[in-house]
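Next comes just one chain, in structure tokens: the form predicted alone.
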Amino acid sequence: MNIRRFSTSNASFDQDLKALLAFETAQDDSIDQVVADILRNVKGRGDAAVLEYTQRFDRLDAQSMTQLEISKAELQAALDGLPAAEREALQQAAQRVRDYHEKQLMSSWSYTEADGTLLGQQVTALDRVGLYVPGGKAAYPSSVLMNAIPAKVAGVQELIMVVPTPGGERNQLVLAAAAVCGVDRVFCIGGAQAVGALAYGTETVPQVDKIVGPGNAYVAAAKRRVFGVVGIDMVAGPSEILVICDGKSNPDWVAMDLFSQAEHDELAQAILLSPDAAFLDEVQKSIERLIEEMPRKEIIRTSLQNRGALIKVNDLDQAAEIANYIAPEHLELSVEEPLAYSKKIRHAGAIFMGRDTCEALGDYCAGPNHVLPTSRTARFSSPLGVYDFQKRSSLIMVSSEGAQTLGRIASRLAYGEGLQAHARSAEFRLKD
């Protein structure tokens, strides 16, 4: 199989790396226009528009939105109906995700100055959040866990889930995950129309404060357009994995770890950095042998050929420098002292340390969130967490004595900015 091989010693390395990482993020104009029309229609016509789009795109002949809402009893029945082993795995994963995210809770705080002035920060949860979950054949119960649990831990009062059910196909594992997470309401709607319903509200679907969760190009375009009316988590690009290996790991393990992201879709990216050229050869052999066993081998092959690479570096220090430039979504450190080596990493969505820590564990059950920044945005973004469902209000209570000092400071600065009412407002509180 033809997967890129290049070395940092090549004169063209910097240019080769930039070309490898390049990903066209420009929005397709035709998609954007379709989405704009859908959102406008949903905003203006509410339930009627959502029903029409659901009938057209998902082939559901529902006459009212109540027919598209799934009861909590049905969610619980989906959970109860799972095979015992599957139900237990779902519940164990949920508990691990919950335990981890409970440690992220922010607290309110304040302090009082000598003159009695109180300053601080008050932390509150969002009132209502919308969760978009892919449906039909693309069913991801893990996505429900990773988006719903931090919201609930944060104290969100109401969580509204939307999931398309093309042809009436309801994925029981997704519904079971909603039951485990305590999702409050679930509607069988999807696409841009579902995003519009959550963002603007309809007669049946309540307006939310923030929309989270993955979706196709139409969902991503809709989230971009409604941002500002509501908050969004992020508009994520294709999945990514970067593996740094010292050459002492099992090449089959590394090859399969690369596959674990490449199998998502043809645009996913999998890169291996190693100072050991012979090890890169071994991993390439493993790739060529193991790919034939994979049900999604054509997707993996296309991903690796178009966007994958095996890169020879001078040493592990150089590998860390390159990793910080790439700022990958997932970074595996398959080296002798991974915890110490991780201190060299400044930019990554999630760091998987040690030869036994495969990225797949983070996708499902390790505990940290699998909703991560992609396309080099880990340089300035963080994983989804409880903090995305909490907000901060500043607390300011100035004492009479404090108003004498702060009033004079404020008035001087306000006059300097030409804002006389600001200055006078502060001066009215002065005693002399």
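Residue numbers run from 1 along the displayed sequence. No experiment lies behind these values; they were computed from the predicted model shown.
Keep in mind that the form predicted in complex with a further copy of the same chain is missing from the display, and what follows is about it.
Quick one: find which of 69 to 77, 337 to 345, 188 to 196, 274 to 282 has residues within 4.5 Å of a further copy of the same chain in the predicted complex by heavy atom distance.
-> Looking at the other structure, the answer is 337 to 345.
Is there any non-hydrogen atom of G46 lying within 4.5 Å of a further copy of the same chain in the predicted complex?
-> Although a further copy of the same chain is absent here, G46 would stay clear of it in the predicted complex, with no heavy atoms inside 4.5 Å.
Proximity of P141 to a further copy of the same chain in the predicted complex, heavy atoms at 4.5 Å = Flag for P141 set to yes.
Is there a non-hydrogen atom of L119 within 4.5 angstroms of a non-hydrogen atom of a further copy of the same chain in the predicted complex?
-> Taking the distances in the predicted complex, the answer for L119 is yes, it comes within 4.5 Å of a further copy of the same chain.
Could you tell me if N41 has a non-hydrogen atom within 4.5 Å of a further copy of the same chain in the predicted complex?
-> Looking in the predicted complex, residue contacts with a further copy of the same chain do not include N41, since no heavy atom lies within 4.5 Å.
Sole residue of L173, I311, V156, I160 within 4.5 Å of a further copy of the same chain in the predicted complex, by heavy atom | It is L173 that has a heavy atom within 4.5 Å of the partner.
Which residue among L90, I149, L304, V205 has a heavy atom within 4.5 angstroms of a further copy of the same chain in the predicted complex?
-> Of L90, I149, L304, V205, the residue with a heavy atom within 4.5 Å of a further copy of the same chain in the predicted complex is L90.
So which residues in 413 to 432, when you check a further copy of the same chain in the predicted complex, have a heavy atom no farther than 4.5 Å from it?
-> Sequence-ordered list: L413, A414, G416, E417, G418, L419, Q420, A421, H422, R424, S425, A426, F428, R429.
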